[in-house]
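First, one chain by itself: the form predicted alone, in structure tokens.
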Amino acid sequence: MAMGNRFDFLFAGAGILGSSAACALSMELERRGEKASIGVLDLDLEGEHSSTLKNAGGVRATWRNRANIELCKYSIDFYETISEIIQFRELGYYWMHGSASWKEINENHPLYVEYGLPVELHAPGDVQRIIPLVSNTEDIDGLSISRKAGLIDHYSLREYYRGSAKARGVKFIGGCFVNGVDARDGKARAVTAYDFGGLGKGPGGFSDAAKEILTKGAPDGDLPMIEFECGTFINTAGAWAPAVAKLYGFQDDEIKPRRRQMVVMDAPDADLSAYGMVIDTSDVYFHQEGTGILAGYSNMDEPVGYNFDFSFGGMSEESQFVKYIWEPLYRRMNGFEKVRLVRGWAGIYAETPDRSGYLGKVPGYDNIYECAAHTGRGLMISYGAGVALADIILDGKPRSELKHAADLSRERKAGALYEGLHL
């Protein structure tokens, strides 16, 4: 059991992956009749600035490599069992493909069949029959429909993991920003963190202080420090995982924080409630969100960095919202002639060179593990990734249904695991 600030297993990051892994680890230990103390540190437990609550809520298993397919399929199988709790709407993914992505999904289709994933491939002439709102099929080479896919409530899923973990004694500790890892002779022994303590009071309060340190990596002024001893250290810090990795010796200069922006718009003439996620050839992705439409886009031409600023506002011709979201939807579909921008936000994820994340033991260390930088797939893979990570920590390898999760180690023994779009 924990004594003061000592934990047998200590996670840095309580987002969807940290919460899931802590839940899976506590459940597996309970199943084995073993007792251990588990702590999860996070600066922002509510998640105001975290990537978990900034995503579009889509889940699919149609990826390029077996590791990501297995993690997503295993997760979706579980989501189906608690669909009402997490508001999982298995309404599918509807992807309008240009020539390159149409060629790719046709090449990948046998892999989906092998895994039992129901994926339909339709000719351009079928698009308007399937999605009657589509008015223009120009540049569409085909439509794929992934039936074992859909939309999920990210907050409900995260809270499900946390509730289950807490019921088994896991402690979630907020206001802590990890800034040091004592790693000697191949072992992590202790972790230090800035202790934000009472910064929730006063103008701006904790939110502004949290945003500052998440953007800059360090506070402007002095803050008290807190130390935690650990038997095993696990990096689940999401977009900030590279900064944590540097503390135990990995300079992840190739992992970049990428901003993705999303909007909710009022489009009274567009009813997409019968569909899950819809993706245009322009890479705009969108779905029904209550009475409005949620749409998102990641501008790959902008500089990378920890940028929380929302810049898709406005309805002028120069507006990025108009350029990247409204115009593509207006050209493609009926029902988007009249829209009103309701709100928007920016979220950050870590983008790796091959767009697949890390999962497993960190080379050179006996007791440091990571599950991070999954390039926008954290929500989709969360249950499978948590289970696989718990298996690796306790047994050295994932269970057979998730055997290719071992490919996501830093060594990349299976070679590069390149993925295309992250949505």
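Each residue number is its position in the shown sequence, starting from 1. Just so we're clear, the structure is a prediction, and the values are computed from it rather than from any experiment.
Beyond the structure shown, there is the form predicted in complex with a small molecule, which is absent from this document and is the topic of what follows.
Taken together, the three residues V178, Y349 and H374 all come within 4.5 Å of the small molecule in the model of the complex, as judged by their closest heavy atom. Taking non-hydrogen atoms only, G58 approaches the small molecule to within 4.5 angstroms in the model of the complex.
Shown alone here, I69 lies farther than 4.5 Å from the small molecule in the model of the complex, counting heavy atoms only. The small molecule in the model of the complex is not approached by G386, whose heavy atoms all lie more than 4.5 angstroms from it. Mapping the unseen interface onto this chain, G238 counts among the residues with a heavy atom inside 4.5 Å of the small molecule in the model of the complex.
Residue in contact with the small molecule in the model of the complex (any heavy atom within 4.5 Å), chosen from M262, V170, V278, I76: M262.
Out of the listed residues V134, L214, V322, I145, L214 is the one that sits within 4.5 Å of the small molecule in the model of the complex by at least one heavy atom.
Checking 221-229, 238-246, 328-336, 267-275 against the small molecule in the model of the complex, the stretch whose residues place heavy atoms within 4.5 Å of it is 238-246.
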